[in-house]
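Shown next as structure tokens: one chain only, the form predicted on its own.
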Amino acid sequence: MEKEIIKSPDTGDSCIHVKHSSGLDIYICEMPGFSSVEALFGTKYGSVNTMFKMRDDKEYTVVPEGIAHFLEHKLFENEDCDVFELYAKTGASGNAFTSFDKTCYLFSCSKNYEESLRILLDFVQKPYFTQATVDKEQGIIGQEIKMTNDNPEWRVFFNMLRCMYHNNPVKIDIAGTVESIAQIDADLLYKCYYTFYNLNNMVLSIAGNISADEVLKICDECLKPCEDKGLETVFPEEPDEIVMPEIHETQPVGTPIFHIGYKCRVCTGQERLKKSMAASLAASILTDASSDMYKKLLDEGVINSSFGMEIFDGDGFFAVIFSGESSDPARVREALTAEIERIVKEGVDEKVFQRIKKSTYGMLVRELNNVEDVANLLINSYMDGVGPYDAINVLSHMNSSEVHEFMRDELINDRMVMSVIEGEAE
């Protein structure tokens, strides 16, 4: 078992990283004086991972969309009882989520973390699927898919992704489609489970009022060693160009909602972290409430306080998204385009950049004093192939010219799309 202390050169915060003999990476952050504990047990397996093979496989396996999410639902049921019943006895609150590129199982508690950790490690390593329970789940998830299809916020987002991406499965709902989940059976679930839920493809992060020695002792007891089978995932080839610049749909909304997205070139590891940080600062400058553009649009009644931004990046995708409510989304797009062109031509205002940078830095430092944020930081940074404190370090060294360069190279009109959900005509 390899053990290392990882320390932030900027804040002095530290955590422990262990490469366990079972193959699992474990991140532990002891936070004395805090009353709660947060733990996440995750696998690098999300909705985009529909094509994969092992080292000994000659051909790639292609599976139906939505299977990662389906598997997450089924893993909570074991042969004996429901996992939530076990957590209820320890006083922990359990949950799980599937995103585009990861699946995580988690619990939070204020006492008995040892027993809750045993429950977490146990059930995630004990799949139990039958065709009868799969058939039942198909009906439940099918209803869930139909409900999200009627959700304007969901529709505006996925419509935008469909405008951006030709082939990448990120454009498909995480839960899949009613048609795709109908192809799932128990055998296929087991195949995906034993492919992606190999401990060499997984990570445990735990933070809060804990003892690292106790956590590792429980891991020694509960983890079942796995052979690294050389998992390889691939994505369909995706051009830089967008599919189409604009899409409109009608739903029962009072004020039209919009997503304006820029499709950016993908990268990995440290390069992606730097790009994501530059993108975040660039988008924050553009949506800053004290900027001339923001104040003008607000004064004209074109936007309201819902106007904001998001950096949407992961394994095989990267986009910058501006969203909100507006009676005239085209006017917002026009203003954004003009402001980006102005900044690219004139340069980034140094005072604005420094203010946004300090604000972002302060937010990242504050998150290090929140148990839930720390546990999520540990697992997300590992999944992204970077260190837990690399984001703070990258931000501290970032200058305005890097933000200017990102705007110039990535926020370009040819790769911009707009998705709008409009109210139904009376």
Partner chain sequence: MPMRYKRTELAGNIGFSTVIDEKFKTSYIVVRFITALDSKSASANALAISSLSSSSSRYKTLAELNEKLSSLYGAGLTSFAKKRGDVQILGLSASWINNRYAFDGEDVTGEMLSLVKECLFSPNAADGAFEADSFKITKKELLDRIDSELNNKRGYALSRAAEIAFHGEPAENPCYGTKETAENVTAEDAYSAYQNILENSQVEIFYVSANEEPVVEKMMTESFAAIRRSPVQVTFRTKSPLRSEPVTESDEFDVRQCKMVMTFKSDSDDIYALKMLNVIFGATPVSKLFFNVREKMSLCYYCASRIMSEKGALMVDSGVERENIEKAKAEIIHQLDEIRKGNVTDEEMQSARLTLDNAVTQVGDTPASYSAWYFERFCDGKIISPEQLFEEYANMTKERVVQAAESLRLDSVYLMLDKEAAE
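Residue numbers count along the first chain shown, from 1. The model shown is predicted, which means the values in this text are computed figures rather than measured ones.
The next section is about a form of this same protein that is not shown, the form predicted together with its partner chain.
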- Considering its partner chain in the model of the complex, find the one stretch among 45-53, 59-67, 375-383, 359-367 with heavy atoms no farther than 4.5 Å from it. 359-367
- Query: Looking at D240, E221, E346, E85, which is the one with a non-hydrogen atom within 4.5 Å of its partner chain in the model of the complex?
  - Reply: E85
- Consider the chain as shown here, without its partner, and state which of D150, D187, D228, E271 has a heavy atom within 4.5 Å of its partner chain in the model of the complex. D150
- Query: Do E2 and its partner chain share at least one heavy atom pair within 4.5 Å in the model of the complex?
  - Reply: no
- Look up in the model of the complex whether E410 has a non-hydrogen atom within 4.5 angstroms of its partner chain, and give yes or no. no
- Message: Can you work out whether D122 and its partner chain are in contact in the model of the complex, taking contact to mean some heavy atom pair no more than 4.5 Å apart?
- Response: no
- Message: in the model of the complex, is there a heavy atom of its partner chain that lies within 4.5 Å of any heavy atom of S99, even though the partner is absent here?
- Response: no
- Task: Could you list the residues in 112-148 that come within 4.5 Å of its partner chain in the model of the complex, counting only heavy atoms and keeping sequence order?
- Result: N112, K136, I140, Q143, E144, K146, M147
